[in-house]
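Here you get one chain, nothing else, as structure tokens; it is the form predicted on its own.
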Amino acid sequence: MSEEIKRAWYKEMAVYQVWPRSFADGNGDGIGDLKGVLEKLDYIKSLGVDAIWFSPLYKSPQKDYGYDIADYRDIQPEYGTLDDFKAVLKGAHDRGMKVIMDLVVNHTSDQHEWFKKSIEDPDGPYHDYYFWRKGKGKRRPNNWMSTFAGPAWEYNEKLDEYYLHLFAVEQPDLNHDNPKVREEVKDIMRFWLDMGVDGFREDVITFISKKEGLPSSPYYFPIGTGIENYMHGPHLDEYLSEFRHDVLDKYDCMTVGEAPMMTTKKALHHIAEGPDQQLNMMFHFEHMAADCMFFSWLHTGFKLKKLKKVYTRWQKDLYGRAWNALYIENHDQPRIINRYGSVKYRVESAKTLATMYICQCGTPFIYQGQEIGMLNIALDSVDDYVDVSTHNNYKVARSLLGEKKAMDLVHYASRDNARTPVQWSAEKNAGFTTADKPWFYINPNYTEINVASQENDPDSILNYYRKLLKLRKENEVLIYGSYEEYYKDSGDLYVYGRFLDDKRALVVLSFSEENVSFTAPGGFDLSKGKLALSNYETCGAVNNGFTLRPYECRVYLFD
């Protein structure tokens, strides 16, 4: 193997993300839970993944569905108990799968004991766990806006002070400049690592250091004003290094940070391999802006060239220096087929999208339901949606664009699109629950799109994912190989090669609903390659080329 790349178990794994509330209901109350996960461990293992990442399971009022944590050391009762979690942990480990927990330490719930005590005793030790400030006359302490829309400061009448919340009102930000807060975080990490957890996905971890004095921003945006004062703050390196040196280095674990507005240069500052490495991988958002400006609510329409440019930059800039985290769906993103694929060619485009990112250099993450091609849901009224950011962003959109366009954006961009219950079968409630009513709406297309209907269909999206993950696992060139893009100026084709020692792979992807002609790039003789995977019954190449059908993809391997 090339000396540029260092082996690590987290580089060779594939990860399945469980958003527990909507995964599987094991006790019949309409809410997904750990008992349901335990019952589905064999299914998860059958996909060919090596780890499960759980979105927050902690005790929470569920104002932001688990990302508002009231107790970091206990399980949300709707999901089960600590013993239930330990059973899932053991079940996963017995099947050779690792378990990754969500670590949400930029903020807590306003129902956390720390926050309650910070109000009860303004002179006590917990008051400085958060950012409490006096107003400036009748004005808030600064002009920062929440990333969920609305002011980032909430007034408390009892204290005559405001507290900072970069997300929902119920999610007060922790003050990491207080060393006692950092010690609390380290103790939380140790609690779960000592239990046997294998790592953390660290939620908006690059927000944990705020600029001294919390200055107002000279810029105004309806969402996120002031972000330059807390994105990559002055002590971020210090705090991330402290967590690694004091805790993480003492365990065989991995970390992946989540970081909005991330670039390769900034990412390398945190994840470049070596003695100063702070995190193993970084979730960035750049590739999720190929149909929008910054985030899905600022919809502009999908542009393949924009997507390719981002992917190529991350593949080239990180290779040999750091490791990519690869994803196209998660709990914060609408379903990818509605965004970058084609509902008309749902099956074909789902397979092409999977091939597109899983064959790149990095660790692939797969979100629940993605492997069967689940789609967005379109509910009649905004009142039918439960996501706090959907309601806040809808209000902004309605004030600027009017009701119809605001609802169009809800249908396209809402996080609730990814949070409908997993569609297990064509039975009542999609086989998700035996309760009369699930906690949230099930997509009406569940009778057509479900796990059971795809299990025994060799051409299903589900079985394609299994073949694709198996192909990656069996071919190191698809894990550790370098990357080279071809057809850069094409708005229809995404073509790239992977190279490792004497091994090569060629990945050919069409993003068109029309037929597109293709000729292999120089250095690739298709007659000497092995067609390892395709989403159509394939035809041979003529003159080293062929015509790609709508959303066709092919992977060739060369020795």
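One-based numbering along the sequence shown. Everything numeric here is computed off the predicted structure, so don't read it as measured data.
As for the form predicted in complex with a small molecule, it is not shown, yet the points below apply to it.
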Does every residue of K45, K351 and T355 put a non-hydrogen atom within 4.5 angstroms of the small molecule in the predicted bound form? no
Of 183-191, 415-423, 433-441, 231-239, which is the one stretch near the small molecule in the predicted bound form, taking non-hydrogen atoms within 4.5 angstroms as near? 415-423
Exactly one of T225, N450, Q171, N393 comes within 4.5 Å of the small molecule in the predicted bound form through a heavy atom, and that residue is Q171
I need to confirm a contact call. Of C359, M282, V104, M374, which residue comes within 4.5 Å of the small molecule in the predicted bound form, counting heavy atoms only? V104
According to a 4.5 angstroms non-hydrogen atom cut-off, is Y496 in contact with the small molecule in the predicted bound form? no
I'd like to know whether D64 contacts the small molecule in the predicted bound form, with contact meaning heavy atoms within 4.5 angstroms. yes
Taking the small molecule as it sits in the predicted bound form, is K98 near enough to touch it, meaning that at least one heavy atom pair lies within 4.5 angstroms? no
If we define contact as a non-hydrogen atom of the residue within 4.5 angstroms of the partner, is I461 a contact of the small molecule in the predicted bound form? no
